Each structure stands twice: as C-alpha cells, then as structure tokens.
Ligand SMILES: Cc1cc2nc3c(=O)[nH]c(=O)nc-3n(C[C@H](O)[C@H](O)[C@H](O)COP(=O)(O)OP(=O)(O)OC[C@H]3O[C@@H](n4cnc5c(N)ncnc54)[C@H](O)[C@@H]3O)c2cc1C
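Here we start with a single chain on its own, the form predicted on its own, put down as structure tokens.
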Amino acid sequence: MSTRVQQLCSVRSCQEVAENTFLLRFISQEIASSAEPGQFVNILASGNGAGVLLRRPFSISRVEKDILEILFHAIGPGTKLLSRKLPGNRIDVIGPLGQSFHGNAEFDTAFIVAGGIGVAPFPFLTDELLKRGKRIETFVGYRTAGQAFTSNLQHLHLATDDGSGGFHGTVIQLLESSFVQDHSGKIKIFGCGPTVMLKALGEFARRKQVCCELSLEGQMACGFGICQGCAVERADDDGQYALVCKDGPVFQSTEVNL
C-alpha cells in the first residue's frame, strides 16, 4: 500500500502542451517511489500573496525517477495559479492518494478510453502496461483537435466532436466502430473522463462482457475521506455510498451507479 506524505515540492517545469492544457512537473522522491497508476495528488495552489482555500486533486500523469507530472486545464483560480508556476517555485502536495488501476490482472490487451482531460492518468498506466508486456489500444476524444494531448500513449485513435482531427464523433462512437472482441485475446478496458462518457463506457463494457475499470471525478477537497464531498452510489448496496477519494478514484464499472 502506498504511503501518503505531505511535502513542499520544487517545480521543475510548467508548460502549455495543448489549448489551455498544462503539464506541470515537480520533484518528490517519496511520492514518486510509491505512486501507482490511477492514484492522484492533492495540491494547495498559492503564490504571490494569492491562494485558494481548498486543495485540488490531480491524477498522477507520469513518473520518471523522482519527477512526477500532472496534466490540467487552467480554468479556475487554483489551476490558473498552478499554470503560472516557474522552475524552483514550491507547491504543497499530499500524495499519493486513492486506489490504483489493476494493470497486473489476467488480460492480453488494454483498451484505454479517455475523454478530454481524462487522458491525464494514462501515460503512467501505459508505461506500466508496457513493462508487463500488454498490448495497448488507446482511444481519446476531444471537442476539437487543438485540445488534444497524445504524448506517451500507444496505438492512438483520435475522435473529435467537430471533426477537426481523426474520427468525427465521440470517443465512444469511435470505440464502437473499432472494437473487435476476439482479435487480441482477453481484453480489459480502462476509462477516465466526464461522467456521461464513463456511464456510456460502462454500458458498452457490459454489453461486450468485458472487464472495465473507471477513474471517477469528484469534489475531493481533503483527498482521504474526511470531508465526505465525493460520494458515489454503490451498485450493490441499497442507499450505500463510496468515496471517490478513498475507495476510488478507480472502480470496477459494475461497482457504482453513475
């Protein structure tokens, strides 16, 4: 089990890598050494006398030695502060948090399915799956091609809502048109993105009778189950809820009602 730590971490770099999408790299040997694909960090955004009260959760996008990467849109005060970080600036980080993907299960081919910034955890997962000798097919969907981030992904299939790149349509429509169940042995699906996309992906996996893990979004101010702000209904318990930050963010698609 990963050991959670809180640290002031030094920023290595922060770059805009797609339209209003930033890749921030920071140093933490302790977090990097225990992080697993699918886990996240909670960051307190502050700087130049400005700050926000609550931490922001970010999927761990990739790990290289003692450097971690996060991928995010700069849309609110916290993420806009982060997007302006310079090398050597310090950020207050708690992590690693949450449950990871199960990339060591018995399957031959991973179908990675991402919508928008939901692509964030998948470079890390891709690295781990390649180490395990898994075949990977990656399906990513964006509103427009200018938003696409595709680095460190394998066998990429792109969908855009406006048809400006790749398949013209949603990522689920692209997956439906591309899926051949028996061509690569046993398949497992890994998904992350907007809730409406994840719901459709879970239904797709049920129809195809394929194991599917989903990484959910939630209002995770604390990151480890104290604030109770990220509840999601369990599928197997009447009226019972799980916490995205503690019990997830990764769930079997059959475990939750979206």
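The shown structure was predicted, so the numbers you read here are calculated from the model rather than taken from an experiment. Start at 1 with the first residue shown and count on from there.
Note that the form predicted in complex with the named molecule isn't included here; everything after this is about it.
Does at least one non-hydrogen atom of residue 107 fall within 4.5 angstroms of the named molecule in the predicted complex? Residue 107 lies outside the contact set for the named molecule.
4.5 Å heavy atom contact, residue 71 to the named molecule in the predicted complex: Contact check for residue 71: yes, within 4.5 Å of the named molecule in the predicted complex.
I'd like to know if residue 166 sits close to the named molecule in the predicted complex, meaning any non-hydrogen atom pair within 4.5 angstroms. Contact check for residue 166: no, nothing within 4.5 Å of the named molecule in the predicted complex.
Is residue 117 one of the residues lying within 4.5 Å of the named molecule in the predicted complex, judged by heavy atom distances? Residue-level check for residue 117: yes, a contact with the named molecule.
Check 139, 155 and 191: does every one of them have a heavy atom within 4.5 Å of the named molecule in the predicted complex? Zero of three within 4.5 Å in the predicted complex.
The named molecule: the contacting residue among 216, 232, 35, 212 in the predicted complex [heavy atom, 4.5 Å]: Here the answer is residue option 216.
In the predicted complex, segment of 123-131, 168-176, 76-84, 142-150 with a heavy atom within 4.5 Å of the named molecule: Of the options, only 76-84 has residues within 4.5 Å of the partner.
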